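Starting off, we have a lone chain in the form predicted on its own, written out as structure tokens.
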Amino acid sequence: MAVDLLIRNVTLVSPAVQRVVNIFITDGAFSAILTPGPLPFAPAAETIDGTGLVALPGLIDGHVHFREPGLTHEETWLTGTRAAVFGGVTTVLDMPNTVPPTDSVERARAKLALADLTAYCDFGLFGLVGGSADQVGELAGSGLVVGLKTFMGPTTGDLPSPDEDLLFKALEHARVSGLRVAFHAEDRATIEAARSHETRTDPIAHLDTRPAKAEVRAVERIADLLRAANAMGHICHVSSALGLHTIESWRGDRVDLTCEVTPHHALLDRDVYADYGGMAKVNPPIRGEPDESALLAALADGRIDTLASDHAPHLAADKLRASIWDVPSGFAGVETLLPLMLSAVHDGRLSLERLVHATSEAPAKTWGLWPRKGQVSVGADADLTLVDLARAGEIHAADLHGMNNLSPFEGRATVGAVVTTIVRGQVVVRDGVLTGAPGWGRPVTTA
């Protein structure tokens, strides 16, 4: 058998086990995973010495905002996926609140065509639950999207929340098409009522207008609709222990409901607002303790299914405005997700196996990419992230590879770093140097 790439003597981590192996890659797929010994095949065209390194299944970031089309002053497919591969992410799933939003077959095709030109890694799209029910049905059945997305409260782009009738019909269309529906779970009425009484302009004012009860109320409404439609749902960026408890209670009532957490909700305390001001503004807001520890513990024990960055960059000038109400929500995260969570592994707060599951197998199964993505197994796409678990670093916007890299993790020390990223057998980052070409990435679903 001809072998294109061999990674020798590397410690492969799966959700179940760690073992030292030789990994063989042929024609963009894993062709063999063997215990080190005499090579059974002809010499590989290229060999990487993995001694002392850990191999993870290529990360799937199931929640990014790459801003193209329409907001390319903030991020593009080229810059966003470049940041992704430097962060060990080999597949990204992009949210639909671009300009125009991804709410029709025509717009999904146009967005995929843009990504196809410049993406360094593989990519998928979410379709927006907006417009008419027929439009949503066509999009759900098109094969162009990995899932649908619904914004239950105010968000970037100020997209309207769907009414009960449209949402129920969207869930029915999703069920028929075998898709899961992702939800930004913040109740609009709760937020608007709190905001109407708020006169302050400091960063904490934003947190106070988005209380945990807004998340709880949205989850309650979502779960009730999911049960009625017999559909599959996913709660994005869970931010509170109360929200998580509500999700768990509905799961116990036989509702198919997965959820995700971000590094910023699981790792940042409330003092981030004093230290970073509007740079830390995000929806839902960072709550700090006791929610912070509760969410990381739930990720560690498997009650939270997936880990995602919610990468949502903005111009520095916009993030540094004086009034919090003039500051857009979100910040960069796709490149820092893995170093931050490897640091949690180093600190003993999260197992490496659990981190791997939440960034590979779980998102692959959640969004219909399994078994092609999310595992190091013969026949699967050869997506691989090689990591040095001992390498210390520090997060600085100036060192990152997206277009706008400000984040409230500025200056944070990390332990664990990406060394090499491989996308479908192609080495796209080697020893911290970009070696891949724009346009290598491919869509994970096709019409």
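Residue numbers run from 1 along the displayed sequence. All figures in this text were calculated on a predicted structure; none of them were measured in a lab.
Same protein, other form: the form predicted together with a small molecule, not shown, and the subject of what follows.
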- Message: Against the small molecule in the predicted complex, would F151 count as a contact residue? Criterion: heavy atoms within 4.5 Å.
- Response: yes
- Message: Just checking whether A231 would be counted as a contact of the small molecule in the predicted complex - the rule being heavy atoms within 4.5 angstroms.
- Response: no
- Query: Does M341 make contact with the small molecule in the predicted complex, using a 4.5 Å heavy atom cut-off?
  - Reply: no
- Message: Taking the small molecule as it sits in the predicted complex, is H184 near enough to touch it, meaning that at least one heavy atom pair lies within 4.5 angstroms?
- Response: yes
- Partner-contacting position among S329, Q135, T190, T258 - heavy atom within 4.5 Å of the small molecule in the predicted complex: S329
- Task: Identify which of T246, N283, T118, T209 has a heavy atom within 4.5 Å of the small molecule in the predicted complex; exactly one of them does.
- Result: N283
- Per-stretch contact check against the small molecule in the predicted complex, the hit in 197-205, 311-319, 351-359, 367-375 (non-hydrogen atom, 4.5 angstroms): 311-319
